[in-house]
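Below: one protein chain in two forms, given as structure tokens, structure 1 then structure 2.
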Structure 1
Amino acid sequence: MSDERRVPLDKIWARVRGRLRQEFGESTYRSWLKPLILEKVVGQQAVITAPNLFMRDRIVSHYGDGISIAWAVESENLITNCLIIVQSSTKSVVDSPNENLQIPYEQISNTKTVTPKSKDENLLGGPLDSRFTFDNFVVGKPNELAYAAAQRVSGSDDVLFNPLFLYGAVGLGKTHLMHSIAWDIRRRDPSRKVLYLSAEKFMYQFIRALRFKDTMAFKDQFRSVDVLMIDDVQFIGGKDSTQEEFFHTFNALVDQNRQVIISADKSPTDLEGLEERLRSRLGWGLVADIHPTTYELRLGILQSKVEKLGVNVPPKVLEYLAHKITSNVRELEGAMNRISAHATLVGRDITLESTQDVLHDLLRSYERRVTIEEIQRQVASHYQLRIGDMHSARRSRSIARPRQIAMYLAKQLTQHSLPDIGRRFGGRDHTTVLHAVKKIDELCMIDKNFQEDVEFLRRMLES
């Protein structure tokens, strides 16, 4: 094989890691996938090391297929499987910049972790996660339409909506609902042929069929299923040949009254890089969106997660996480897994302090810089005062108490010193700010309603 068709291994591994970060979220990536080290490639096998047996087993069972797909999409090298082992003393090739280890630039035969699957399963869809069922899905206002639509489709023998199109941002539950539908259909009627896979894997299988001149077999396999489920369809944007094949597969299944279920991060009309005719067809059936989570839904998800993990987590820790981690469910569950694993490994109780310590890197990314001016505006609006009252010399309680609250929050939520805070409140002395902080602390301890009022303002400012 010529040198032109050889690619540096460290660059391929960097691309794989980047895709894993995007696929599983920052929290899961940092906790479980970032510690992985690509040790070497032996023949057609990538040897990846994990720091310990506990992490290796969890990575194999929960993220193995994701690692496989990342290899398949990010490289075109002959790697037939990935072997994940406990970390040894062998030096990592990625940590050895002087070693220019390379692997042939050839066609991948679908990578698998530890134990390859059967040939048929390799060629078609991805595995279903046993955790992702309707029973384990926490329903709230942001996802109730998508949940109801998914249950109707899985529970009906007739094709009610074709396609069912689920969309929402990363980590809000689209994949969970897709897996739930597949499990429920298989439970109700095992004879129905359900095929679930990501759009990336669809693209990979199509390219593979083209290269091996086996497109007829590809068409027969995908157009003979009873239910086709394609996750994250946005990834075929800009891939003209794959879109063409998907378009014809979609039409063939709809014409045969076979169910098609699609997920994406945007609605059909907003998907970029897709042909207009394909966007039009994706919107034919029912389009159900999943909105960002609310505090109540995040708390419910955490409570459900704790029950399944069987760990003792104080309510104040759950409330803290529900307030702090607002981006998506995947980050939220990843944080809880991380806390649980830490408590199990070190043998310590879970507390608010230990949670903040374990998740310090993740929580830092959620910190928002709150300004003193923003605090003053929020407090003044809450108590129906003028912004000028935050700086004035007026000392009536109706003004002085909210001003003290604003000083207290400025001390808690900003990095400003006491003298600097005092200057921002009409040129007051630092002792005035210190008195305000102590006073609000005292009132919070003796007056629950007052404490809840201050906490509400804090949440508004941090959200």
Structure 2
Amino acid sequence: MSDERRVPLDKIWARVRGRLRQEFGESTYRSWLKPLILEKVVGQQAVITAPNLFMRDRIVSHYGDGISIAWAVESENLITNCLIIVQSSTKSVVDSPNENLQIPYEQISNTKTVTPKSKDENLLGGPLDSRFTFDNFVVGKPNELAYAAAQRVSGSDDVLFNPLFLYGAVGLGKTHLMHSIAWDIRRRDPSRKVLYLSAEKFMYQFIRALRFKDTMAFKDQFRSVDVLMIDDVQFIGGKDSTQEEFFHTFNALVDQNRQVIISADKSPTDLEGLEERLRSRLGWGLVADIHPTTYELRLGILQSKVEKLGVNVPPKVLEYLAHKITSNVRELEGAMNRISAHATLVGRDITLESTQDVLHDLLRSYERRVTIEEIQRQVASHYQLRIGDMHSARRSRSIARPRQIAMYLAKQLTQHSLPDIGRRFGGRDHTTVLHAVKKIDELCMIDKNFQEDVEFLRRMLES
């Protein structure tokens, strides 16, 4: 591989990884996809290495299609074949001077190829997740409009608004609602042809059709459905030929009074890289947005999830999670799954402590910065002192001890240096702070009640 090739390939790979991260979420991405290394691309085959056999198999079965599609979309080039191999033992094969890679990979035990299943109906539409039903969707203020609109569309034989445009940030339930509509329509009337696919898959199909000079069949397939759903349409921004095709498909269906349902991460007006006529066309029907979750909705989702999993989780833990994990529902679910998997594995009850332990890496990223002022306020109020006592020169034990606790917590929970902490406690010397830290450590060792007190304060500050 020459250097000129390596640069663009690296870029493509970086973008493919970016897509996979968006598609599968941060924690999945980190555990499974981030460790993948692109070795080379030969013809229509990408050679990718995975760290071990176990991961390789899982990646092939769960994310293989996703990788192929992301690749096609990013490079506008078709990879018909993603070869995922295990690093160490195949090194010699990968390093083989034979650039044509005519080696029969399938015969090597630790390689596996991912070939998109052509002619399979699933390739045209995306598979539907059986968990994504209306029954499993928890409704709250942030998503009630989108939910109501989705129900209306699936429950009505007439086309009430076209398209239904659902938008909201990642992980808030757009795909879940779309799948729910598809399940519901199929259940009510199995003869109606419902096609759900991601915008990426749409692009992939289109690129494939172009490559195999099969665009007529492509058009027919899409234009003969009763309900077309395209998920994450922001991904076609900037891809002119695909946009063009999408626009025509869209118009053809709307003209025939077929229902179109679109999702995106932004409203039609805010979508970038979209042609004006498409942008305005997308906003013609009903535009329903899903707002970021509220505490109540997060708690509701956790409760329903716990019921389904059949695990015993103390309400305190659910409240803690709903409070802490505010980004999106996907992360919330991921956290819950990790906790319950851990509890099953070690055979111990789920507690607040075990939760914090299991999720420490995730929680750390949510940790807000605690300020020294907050620490002083919290400690003062806990011991019923005035904030001024944190700065004062008074030395009676009832004041000095809480002040030491506050210094100790400031050292533990903030990035401030000892001299800096000293200054903020009434201009004390850094040795005073150091002494406080040691003293509190010592007391924690010998006095269980005292330690619990300090722990309680720490938790209050961290939550």
Ligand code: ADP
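Here, a residue number simply tells you its place in the sequence of structure 1, counted from 1. Bear in mind that the values here come from a model prediction, so they are computed numbers and not experimental data. The term rigid core refers to the most C-alpha atoms you can superpose between the two forms while keeping them within 1.5 Å.
Looking at both structures, it is structure 1 that matches the form predicted alone. With the core superposed, residue 387 shows a C-alpha displacement of at least 2 Å between structure 1 and structure 2.
Remark: with the core as the superposition reference, the CA shift of residue 376 between structure 1 and structure 2 reaches 2 Å or more.
After superposition on the rigid core, the Cα atom of residue 14 is displaced by 6.9 Å between structure 1 and structure 2.
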